[in-house]
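Heads up, the chain below is alone and in the form predicted on its own; it's given as structure tokens.
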Amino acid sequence: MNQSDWRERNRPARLERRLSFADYDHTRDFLEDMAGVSERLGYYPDISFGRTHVSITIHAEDGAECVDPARRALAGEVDALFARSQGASS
């Protein structure tokens, strides 16, 4: 997980990141790939999106005071997916 790209928040504990894309097609492709990651890991973060951006919030487990390693690993998967999507658009 690239710490500088994720914002760690409290009350409730969560990680947030906003990703920008060149156009809607790239945004849609990322969202489709993100769905596969979520299915594979069995965790579904909150996602909102617009034409050229995606905002992701990964919440800590209910009642937890911090984000656990498994959810941080999901953030790392998002980072890798985003990096691949940016390489494909170059």
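Throughout, we count residues from 1 along the sequence that is shown. All figures in this text were calculated on a predicted structure; none of them were measured in a lab.
In what follows, reference is made to the form predicted in complex with another copy of the chain, a form of this protein that is not presented.
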In the model of the complex, is there a heavy atom of another copy of the chain that lies within 4.5 Å of any heavy atom of residue 32, even though the partner is absent here? yes
Another copy of the chain contact in the model of the complex: residue 25, any heavy atom under 4.5 Å: yes
Are any of the heavy atoms in residue 65 no more than 4.5 Å from a heavy atom of another copy of the chain in the model of the complex? no
4.5 Å heavy atom contact, residue 46 to another copy of the chain in the model of the complex: yes
